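Here we start with a single chain on its own, the form predicted alone, put down as structure tokens.
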Amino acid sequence: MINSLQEKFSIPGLRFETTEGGLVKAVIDTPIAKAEIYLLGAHVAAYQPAGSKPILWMSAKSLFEESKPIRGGVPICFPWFGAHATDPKAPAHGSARTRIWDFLSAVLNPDNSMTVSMGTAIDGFSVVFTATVGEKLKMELTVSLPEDASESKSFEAALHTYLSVSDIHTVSIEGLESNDYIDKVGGTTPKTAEGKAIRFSAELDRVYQNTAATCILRDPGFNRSIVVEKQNSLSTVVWNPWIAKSARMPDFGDDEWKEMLCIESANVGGCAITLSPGQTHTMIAMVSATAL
């Protein structure tokens, strides 16, 4: 597979590699940014603009095995989020994370950014993931329902973005101060807006609904802000597992909760998307960093 991919998509700054576990990844290395994207799950596993620390976080315990999700980077949750509504045996966050996607295209843009696309078909939907790697990481998840589909269908989706931080105790997130949220720690409790930036002192798992707001992660330890912008997304999920949950996850280091958090651009729950036959929906998330 590596040779055929390299021959078909032979452009400067792009190469394909096979990992020890047999997974294939696209490695992007241009003058303005580096990234790694696995065909398993169309999963962005690394992103680093030139002159910057890595933006995305990856667990040292991630399995990197076929049919198992990668822990860190940007998993694609689709066509449901969390547990399946009616089938407790179905995989968490849908099947998109654990299937091999087709590599569709690669283009080196005039500004030295690179755009790559991967695609698959899931539960009757056609799904294309496009990543543009440059001064920003732009991710587009396009879901289409074929014209010959027999009826409308709904789906949930999230770009489950893991961000690298210096110390979870000192960072904050701005942009969601005025939004109510669902608190998923210990249940699904609705809570009212707090009117202040999000800070972390325990496990945090919140779903903010009906918001298209940009989030800004302030990280004084790394002297940077990470900006998460989005389009056609009305849910934002914020997550850190803290101590006990980290210890329960086999693909997550016991102390790694200190160096990561998730800001996920999503459409979940009451913000799920319904498509009629022939319709298409594209959700976009853009991640970038600036100095404090």
Ligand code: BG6
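Every value quoted in this text rests on a predicted model; they were computed, and no experiment measured them. Residue positions are given as counts along the sequence shown, with the first one as 1.
Omitted from view is the form predicted in complex with the named molecule, to which the following refers.
When contacts are defined as a non-hydrogen atom within 4.5 Å, none of Lys53, Met58 and Lys138 contacts the named molecule in the predicted complex. Judged by heavy atoms within 4.5 Å of the named molecule in the predicted complex, the contact stretch among the candidates 123-131, 158-166, 212-220, 139-147 is 158-166. The contact with the named molecule in the predicted complex, taken as any heavy atom within 4.5 Å, belongs to Ala92 out of Ala85, Ala202, Ala92, Ala193. Met249 is the sole member of Met249, Val227, Val27, Ile32 with a non-hydrogen atom within 4.5 Å of the named molecule in the predicted complex. Interface residue remark: Lys184 is counted as part of the site for the named molecule in the predicted complex, having a heavy atom within 4.5 Å.
In the predicted complex, the named molecule lies farther than 4.5 Å from every heavy atom of Ile37. Of the heavy atoms in Val237, some are within 4.5 Å of the named molecule in the predicted complex. At least one heavy atom of Phe81 is located within 4.5 Å of the named molecule in the predicted complex. Residue Arg71 is the only member of 51-72 with a non-hydrogen atom no more than 4.5 angstroms from the named molecule in the predicted complex.
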